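Listed next as structure tokens is one chain, alone, in the form predicted on its own.
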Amino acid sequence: MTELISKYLPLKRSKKRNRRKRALTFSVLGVILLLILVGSGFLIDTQGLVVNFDEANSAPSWSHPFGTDWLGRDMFVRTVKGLSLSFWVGLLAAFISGVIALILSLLLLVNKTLDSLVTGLIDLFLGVPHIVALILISFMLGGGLYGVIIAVALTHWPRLARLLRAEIMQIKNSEYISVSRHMGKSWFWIAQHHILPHLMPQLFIGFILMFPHAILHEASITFLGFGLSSEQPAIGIILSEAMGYLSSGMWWLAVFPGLMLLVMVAVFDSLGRNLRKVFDPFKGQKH
């Protein structure tokens, strides 16, 4: 029996290291790809956004890889600028949403009344379709950049808050928490020194996985006309404008921006899943 255990443990450690190394490699590649996508929005020349009727409605070519629109604007430049804008909108919205989820989940430590209130709030937001809540909040705030960010932030925190709340409930019953309470430590001190360090991996991964949802929903409400203004080169605006020209055979106006948006979302989703494997290589695996 001892020999069997001694053979099994090194094999398990080796498998864990390999899974973690592979996940870390994919995470680094994902970060590099995202930096290229987002960095291009700052480095690329804005000359392609200038109206040029001589090159209007041009199909994809070497000079214009994504073609041009009805105003002669380069679709590659517009798409890259739109992705960069979507990235920053998603980043800020996901960050605010993560902060909301963390604060509300920590109310469990205060008293049961506040915890019940938070639980009811989570159920309420989860019971309302995302797109409906997004449109209502964005419309009440007058749309625009800040309206979209606040709308996305206020509708994406419930799932992460429920996850963090479950983690806090487990930690709260731990022995070291009981010892700290008997030593006279406040819940604020316990949250700062014991609970927050434990929640950081879940919070970070939740933030990363929230990112693609924030980007897609920003594009969705912008596409429907309740989001960013038409002057901004957002992906939702680009796709919305392209709908009127698809029947004319100008397929490149929607295909390339849509594909680039899906690539960014897929990279973020893959990054979050691989980071989860880095923190816990055997989570969700059958032993």
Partner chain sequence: MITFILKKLGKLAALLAAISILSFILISYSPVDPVRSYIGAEISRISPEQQKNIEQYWGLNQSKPQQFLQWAKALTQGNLGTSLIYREPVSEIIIDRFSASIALMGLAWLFSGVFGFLLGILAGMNEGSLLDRLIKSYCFILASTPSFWLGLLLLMFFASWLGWFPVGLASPAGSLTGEVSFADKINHLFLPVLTLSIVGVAGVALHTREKLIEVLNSEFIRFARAKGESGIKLFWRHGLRNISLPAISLHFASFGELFGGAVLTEQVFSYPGLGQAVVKAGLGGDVPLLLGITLFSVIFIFVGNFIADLLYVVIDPRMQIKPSHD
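Positions refer to the first chain, counted from 1. The structure presented is a predicted model; accordingly, all values stated were derived computationally and were not measured.
The same protein has a further form, the form predicted together with the partner chain, not shown here; the description that follows concerns it.
- Heavy atoms within 4.5 Å of the partner chain in the predicted bound form are found in exactly one of 82-90, 137-145, 97-105, 199-207, that being 137-145.
- In the predicted bound form, the partner chain sits beyond 4.5 Å of every heavy atom of residue 167.
- Put simply, residue 239 is close to the partner chain in the predicted bound form: some heavy atom of it is within 4.5 Å.
- Within this chain, residue 216 lines the site of the partner chain in the predicted bound form, having a heavy atom no more than 4.5 Å away.
- Residue contact check for residue 124: one or more of its heavy atoms lie within 4.5 Å of the partner chain in the predicted bound form.
- Residues of 144-169 placing a heavy atom within 4.5 Å of the partner chain in the predicted bound form: 159 alone.
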